[in-house]
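Only one chain comes next, encoded as structure tokens, the form predicted alone.
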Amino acid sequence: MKLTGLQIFKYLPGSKKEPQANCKKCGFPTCMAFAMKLAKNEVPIEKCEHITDELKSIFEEASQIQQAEIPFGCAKNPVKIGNETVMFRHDKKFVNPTCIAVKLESSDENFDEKLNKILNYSVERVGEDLKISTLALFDTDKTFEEKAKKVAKSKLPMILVSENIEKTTKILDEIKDFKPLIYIENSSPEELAEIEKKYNVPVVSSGSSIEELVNNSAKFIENKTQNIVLNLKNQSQKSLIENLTYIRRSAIENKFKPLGFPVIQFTKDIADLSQDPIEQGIWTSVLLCKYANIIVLEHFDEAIIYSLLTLRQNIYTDPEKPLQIEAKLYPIGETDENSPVIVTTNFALTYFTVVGEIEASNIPSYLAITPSDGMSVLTAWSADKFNGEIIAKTIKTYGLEELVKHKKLIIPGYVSSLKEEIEDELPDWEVIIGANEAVDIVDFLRSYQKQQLLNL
């Protein structure tokens, strides 16, 4: 981990109250100010004339990259993998989301149809468009070059997988600006290093064991080639997770350079793994958590892809920054003075789930979102961020009294205890206890609307 400003300051003259303390020769008024800037990498360590060899050594070790960040894909649509700094998400957020790739063979009879499906696949969840990260194009016939050019034109980041170096380099002569990730099976580190240097593209270094992987990676480093991605081949289901964890721990905790690179894993390399989409999906979810940076799926299955993208989105959110939306009034559909008014918190997942259910009911409604620090309903209620006073203020701020004539407010069923509190704050309003779960909103709204029509 990088040093903090206070940790650096301990080694400077200002901390030791030496004669040269706060000399200002570094351009800053105090040693503490310099230490804070150095911790943020905003100034070179050489700026201070009084840096000791001990601090230089400690600083260099602390600043060493734990896991290299490897970009690939064209400049307009790049993918970045690696650059992780912690083992667990609760320590600090993960940096670059795992790249979920789909395998496509050049000889596939339905190549164009499958490519279009991959390119056009997109689902929205919690305000984010979830898409396929990249495509792994396998060399299985003479059209490999033609198909590589077609994928390159789509600007979808691509992994080229082949056993033929000459064929691959011929393709790179024409599409190197699209910067694909190169995986040439059964090739030596020296051959791959030459390709990396000539075309400035990342390459995959493979091994069937940790020892082989370390030896091959060390050869790349000796050749001054560090634009590499690691790959474990022919792994049993048990050894794969153990080895992936060992690689990540070696990089993060021990800063072991030969293993300080992101990892690509093909599901086809997992021994005894069936082609059943569900089993493939289960194992991909395991690899998302432990600790693949790229996962190449054998098949494109929309249901499996959606579940994996959802899992990835949850894992790669910042645990210190809850997903939240702007607190305001959201008209859902063509609202009017008779539309129901529903209130909830500004937790993004709550918002998008509730909106989806309101839309499914085909009943235009006003959704009043309270400022709740991105907390879910029960969490906000227990933290006193979703109470009668806040809800009443929200209704008044949004001017709902002028927008609807019925003066009825629907609250989540789990916080039914707020009914009297809200009605005390809003004496002209009637509080209706709504559904406990979002899945019940459709039935609730339809029943509610039917009852309102009967009362007219």
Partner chain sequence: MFIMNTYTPPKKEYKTAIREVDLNGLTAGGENSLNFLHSETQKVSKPLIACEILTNIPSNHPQLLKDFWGENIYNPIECVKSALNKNFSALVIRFNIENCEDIDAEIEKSKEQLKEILKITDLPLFLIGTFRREVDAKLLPELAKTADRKCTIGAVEEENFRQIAPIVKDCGHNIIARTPIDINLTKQFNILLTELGFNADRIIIDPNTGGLGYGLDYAYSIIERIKQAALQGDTMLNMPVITFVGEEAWKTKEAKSNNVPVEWGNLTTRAISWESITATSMLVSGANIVVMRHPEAIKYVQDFIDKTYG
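Note that the structure is a prediction, hence the values are computed from the model and not measured. Numbering follows the first chain given and starts at 1.
Although it is not shown, the form predicted in complex with its partner chain is what the next lines describe.
In the predicted bound form, which of 342-350, 101-109, 75-83, 192-200 comes within 4.5 Å of its partner chain (heavy atoms)?
Checking each option against the 4.5 Å cut-off leaves 342-350.
In the predicted bound form, which of the listed residues (D129, D173, E113, E302) lies with a heavy atom within 4.5 Å of its partner chain?
Going through each option in turn, the one that passes is E302.
Considering its partner chain in the predicted bound form, which of N338, S285, T140, T169 comes within 4.5 Å of it through any heavy atom?
Going through each option in turn, the one that passes is S285.
Even though its partner chain is not shown here, does D269 get within 4.5 Å of it in the predicted bound form, heavy atoms only?
Looking in the predicted bound form, residue contacts with its partner chain do not include D269, since no heavy atom lies within 4.5 Å.
Do D440 and its partner chain share at least one heavy atom pair within 4.5 Å in the predicted bound form?
Yes - in the predicted bound form, heavy atoms of D440 and its partner chain come within 4.5 Å of each other.
With a cut-off of 4.5 Å between heavy atoms, is L329 one of the residues that contacts its partner chain in the predicted bound form?
Looking in the predicted bound form, residue contacts with its partner chain do not include L329, since no heavy atom lies within 4.5 Å.
Within a 4.5 Å heavy atom cut-off, is A383 in contact with its partner chain in the predicted bound form?
Judged by the heavy-atom cut-off of 4.5 Å, A383 is well away from its partner chain in the predicted bound form.
For 267-296: residues with a non-hydrogen atom within 4.5 angstroms of its partner chain in the predicted bound form?
Read in sequence order, the residues that approach its partner chain (within 4.5 Å, in the predicted bound form) are D272, D276, I278, E279, G281, I282, W283, S285, V286, C289, K290.
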